[in-house]
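A single chain, nothing else alongside it, follows as structure tokens in the form predicted on its own.
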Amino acid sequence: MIAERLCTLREEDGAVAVLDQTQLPHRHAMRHLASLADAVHAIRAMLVRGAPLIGVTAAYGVALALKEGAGDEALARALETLAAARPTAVNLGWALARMRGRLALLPPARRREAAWAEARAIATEDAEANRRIGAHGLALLEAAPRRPVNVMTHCNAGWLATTAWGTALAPVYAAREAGLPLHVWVSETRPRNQGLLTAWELREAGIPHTLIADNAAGHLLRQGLADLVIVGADRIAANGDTANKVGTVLKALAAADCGVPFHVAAPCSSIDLACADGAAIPIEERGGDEVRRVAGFDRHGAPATLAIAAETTPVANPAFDITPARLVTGVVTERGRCAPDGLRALAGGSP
């Protein structure tokens, strides 16, 4: 089982070990998180990434913070510090609100143990939610008109972005286990190149895939080489507008023009019913050096960066973009599938 043999996060003697995704796909290395500062750094520097995993890491960050003191001031500081780590992924705020609700009314002496238990529950529930996303999304692949099914995705929304299975890739893994022949078109996803993580995941799982330059996606869609597009989400507004890694809306526009279904796969914790539409979603602006430089490993296997633009080159680096609901064919969650205008009923239901 794919979900059973892979690990992005685990508890270790009062600390947390996370898979350092800045080292992938070249090295598989775990990083030890022992404090609030460690957890914040892991989220901000993208050692962990993907909305669900950011939420889980933040929950454990609260537990780590309370090791040094569990009073009201310490709890408030931990919640505030973690909330500021990254602004777009709603799972971060969702997980922190859940931790606050569980801990705030407890006496300080009981908070540490309860924090670890709640973080553990959030992680376990994430894995199960993603398994269900895979089960619900499998029907989309089974309905494709040809074999192998050709799926196009963007960024990385596999097990690396969650505690297990992934979101957009969960139906792909479910299809693999069901014996459904398929192939995945994987965008490199600059400037952070998270598509390389997807390619690494799929290689490890033995799933046929092809890495493409981001700008090749429209051409492939026009050539009829993709049966459907599935992407993840960092936040879905109440009207179905979706924030995902920058470059997603270009695929949605091309898919709509070519008549290719475009689906968003995400847990219900990524749905923000308090956010009316995409205009209200904050878009994280990251540092310019992510665009001016390319990170990788040299021929000796050592980490290295290569400058591709002058240090004085002005840069805009929005980390996400908004895909309007009119371009989204459907949303897949652990509670089932729906059209973008059916999110409120779905998010308020039960699994």
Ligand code: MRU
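Since the model is a prediction, treat every value here as computed from it, not as a measurement. Quick note: we count residues from 1 along the sequence shown, nothing fancier.
Same protein, other form: the form predicted together with this ligand, not shown, and the subject of what follows.
Novice: Thinking of 16, 57 and 61 as the candidate spot, does this ligand come within 4.5 Å of a heavy atom on all of them in the predicted bound form?
Specialist: No: no residue has a heavy atom within 4.5 Å of the partner.
Novice: This ligand isn't shown here, but in the predicted bound form, which of 104 to 112, 226 to 234, 67 to 75, 202 to 210 has heavy atoms within 4.5 Å of it?
Specialist: Residues of 226 to 234 come within 4.5 Å of the partner.
Novice: Would you classify residue 151 as touching this ligand in the predicted bound form, given a 4.5 Å non-hydrogen atom cut-off?
Specialist: No - in the predicted bound form, heavy atoms of residue 151 and this ligand never come within 4.5 Å of each other.
Novice: With a 4.5 Å heavy atom cut-off, would you call residue 86 a contact of this ligand in the predicted bound form?
Specialist: Residue 86 belongs to the contact set for this ligand.
Novice: Residue 161 near this ligand in the predicted bound form, any heavy atom under 4.5 Å?
Specialist: Close contact exists here: in the predicted bound form, residue 161 approaches this ligand to within 4.5 Å, heavy atoms only.
Novice: Can you work out whether residue 194 and this ligand are in contact in the predicted bound form, taking contact to mean some heavy atom pair no more than 4.5 Å apart?
Specialist: The answer is yes: residue 194 has a heavy atom within 4.5 Å of this ligand.
Novice: Given a 4.5 Å distance limit between heavy atoms, list every residue of 119 to 158 close to this ligand in the predicted bound form, or none if there are none.
Specialist: Heavy-atom contacts within 4.5 Å come from 155, 156, 157.
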